[in-house]
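Just one chain follows, in the form predicted on its own, and it is written as structure tokens.
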């Protein structure tokens, strides 16, 4: 187990390195200079080639790409002094740079937006499992019945709708058309300064949209895995021994059926933690996803780099945890 975890961590470091290099090169050799947005803002859209050259020099874009990438990697471990326009900024390690738009340290902005994204991810993932797994188990136990066919058909219909459209319609109908008071004020509010109820009510609609849409696929995954598990020989042996139906289904069948569900859930949860762009944008939640979208539009290289690295680290960690849990749920699996 230990050797496997070490190997996965080493491969994870390599993946994060490749991601950072790819983002760096895409911006460096892109069709327009990353210094162009800064020059436009600082000169009130009167940026000339001479002024652009000055900004490129202060940002280091006149240096070789490997030299500037080396400075970025070095800043992960030691403090740096960064120059943007005519101002200098102290960036403490791990230094992810200073935002070209806000002139704030990227690390501090990333940390400040984590609670919003984590709140969405945890609430949405909880509803995935709370509704998806029990409904899937119930459908598998009643395989072929009218209720089973109705559930499968309705969930297939919901999952065929693009998520951004589903979330947008949810927001429009529940907040604008029906004006439900509980959903009137969406967004992230700190549970410490605004209170737990304000935090809960602000995120509830986003959780509902994520939960309903996400539980459809978990219902189908669970149902398929349960149907397969309940047809295994050991289930028939348990039935012949006279074990109660609940014991057979939930102790023996569900444990085997959860293995593929946990695998998918780990990746989905990691993706949610990395930032839910559509959810945050539609429900006006200032999280990592919305922040990364603004950074792409504004060609804010330090923010794009930070969000890409954060996403890579989260997904790699999620994959590793899934493999470990997989081996616990299924004793036949051995990590090597």
Partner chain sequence: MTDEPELDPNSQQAKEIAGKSPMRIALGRLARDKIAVVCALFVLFFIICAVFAGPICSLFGVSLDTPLASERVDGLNSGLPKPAMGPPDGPFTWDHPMGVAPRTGQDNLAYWLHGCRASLMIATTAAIVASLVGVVVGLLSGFLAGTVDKVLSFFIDMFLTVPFLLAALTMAPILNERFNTSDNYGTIQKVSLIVILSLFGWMGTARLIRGEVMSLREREFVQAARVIGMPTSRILFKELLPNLAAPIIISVSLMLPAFVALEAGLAFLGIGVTDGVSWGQMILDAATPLFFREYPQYLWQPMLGVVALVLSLNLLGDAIRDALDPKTRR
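All of these numbers come straight from a predicted model, not from anything done at the bench. Here the rigid core means the biggest group of C-alpha atoms that line up within 1.5 Å when the two forms are laid on top of each other. Residue numbers count along the first chain shown, from 1.
Same protein, other form: the form predicted together with its partner chain, not shown, and the subject of what follows.
Student: Although the partner isn't part of this model, could you tell me whether residue 169 comes within 4.5 Å of its partner chain in the predicted complex, counting any heavy atom of the residue?
Tutor: Yes.
Student: Wondering, does residue 30 line up within 4.5 Å of its partner chain in the predicted complex on heavy atoms?
Tutor: Result yes; residue 30 sits at the interface with its partner chain in the predicted complex.
Student: Is it the case that residue 164, even though its partner is missing from this view, gets within 4.5 Å of its partner chain in the predicted complex, heavy atoms only?
Tutor: Residue 164 belongs to the contact set for its partner chain.
Student: Contact between residue 14 and its partner chain in the predicted complex at 4.5 Å, heavy atoms?
Tutor: Result yes; residue 14 sits at the interface with its partner chain in the predicted complex.
Student: Can we say 177, 277 and 296 each have a non-hydrogen atom within 4.5 Å of its partner chain in the predicted complex?
Tutor: Heavy-atom distance to its partner chain in the predicted complex: all three under 4.5 Å.
Student: I need the one stretch from 156-164, 71-79, 130-138, 209-217 whose residues put non-hydrogen atoms within 4.5 angstroms of its partner chain in the predicted complex.
Tutor: Careful reading of the contacts points to 156-164.
Student: Which residues in 288-317 have a heavy atom within 4.5 Å of its partner chain in the predicted complex?
Tutor: In sequence order, 292, 293, 296, 297, 299, 304, 307, 308, 311, 312, 315, 316 come within 4.5 Å of the partner.
Student: When the rigid core is used for the superposition, does residue 299 move between the shown form and the other one (threshold: C-alpha shift of 2 Å or more)?
Tutor: Residue 299 C-alpha, core-superposed: shift of 2 Å or more.
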